[in-house]
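Encoded as structure tokens, the following chain is the form predicted on its own, with no partner shown.
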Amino acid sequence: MIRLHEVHKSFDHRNVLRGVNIAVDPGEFVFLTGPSGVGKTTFLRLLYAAERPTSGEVWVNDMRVDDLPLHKLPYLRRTMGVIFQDFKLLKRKSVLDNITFVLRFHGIPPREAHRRAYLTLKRLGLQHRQSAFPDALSGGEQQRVAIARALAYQPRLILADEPTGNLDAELAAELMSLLCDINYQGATVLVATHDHALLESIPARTLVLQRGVIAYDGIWPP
């Protein structure tokens, strides 16, 4: 599902990733961890082609992402759901419309898009906020809408950047249970987090990023 071969990424002569080699098989649940600022978000951005590597190869779902023409990016992104750290909600659209908009983009008919969006919101306890606009929501509610948007069209790959950062402990546990369920149904899940308690809550493969390299690859704690 994911393969990085000798991937280097630099910004202004600062090496963020240095010769990273990693493979994630279809159906795996994987944590990516390391201190804040170590490059976890950059790692994820390479996977959905928001960044290109300085050198090396990035493969996702049998597509070479680092060499993918711009007109083929929609095909890549239709295979994945991304939970962004800063939400990226459309402020002029309601909660429900934020989700149906993405579903319609993926070719799902209006009635089915509405049904899926509502059911996903209900699963996350947000159905009563479907008509609200993002600015009227709390940070935790905005996070859950971003999660609902990523999950609604049942992608084969979920990329989550600090998905529990704005949630209390109970909601964080519910979210991780939901991601585990989705993984159990066959999706590949990659979660970037610096929360060690979260890592210890699920016995999953963990990649530790330090000084631009994968310093550990195994079950947490080491």
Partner chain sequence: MMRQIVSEGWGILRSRAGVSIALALALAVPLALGGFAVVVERWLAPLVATEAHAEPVQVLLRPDATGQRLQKWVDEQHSAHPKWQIEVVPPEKLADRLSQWFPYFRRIMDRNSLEIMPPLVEIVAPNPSALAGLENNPAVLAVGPRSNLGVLLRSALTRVRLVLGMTSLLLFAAAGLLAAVWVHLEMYRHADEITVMRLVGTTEGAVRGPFLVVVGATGVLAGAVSSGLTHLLTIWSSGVLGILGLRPPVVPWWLSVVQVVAAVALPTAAAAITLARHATFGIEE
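Since the structure is predicted, the reported quantities are computational estimates derived from the model, not experimental observations. Residue numbers count along the first chain shown, from 1.
Omitted from view is the form predicted in complex with the partner chain, to which the following refers.
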- Item | Single option in R129, R123, R104, R116 placed near the partner chain in the predicted bound form, where near means a heavy atom within 4.5 Å | R104
- Message: I'd like to check something about H196: if you look in the predicted bound form, is any of its heavy atoms closer than or equal to 4.5 Å to a heavy atom of the partner chain?
- Response: no
- in the predicted bound form, R45 touching the partner chain (heavy atom, 4.5 Å): yes
- Message: in the predicted bound form, does Y153 come within 4.5 Å of the partner chain, counting heavy atoms only?
- Response: yes
- Looking in the predicted bound form, any heavy atom of A173 within 4.5 Å of the partner chain? no
- Of 177 to 185, 48 to 56, 29 to 37, 156 to 164, the segment with heavy atoms within 4.5 Å of the partner chain in the predicted bound form is residues 48 to 56
- Near the partner chain in the predicted bound form, with a heavy atom at 4.5 Å or closer, the residues from 53 to 85 are L70, L73, P74, Y75, R77, R78, F84
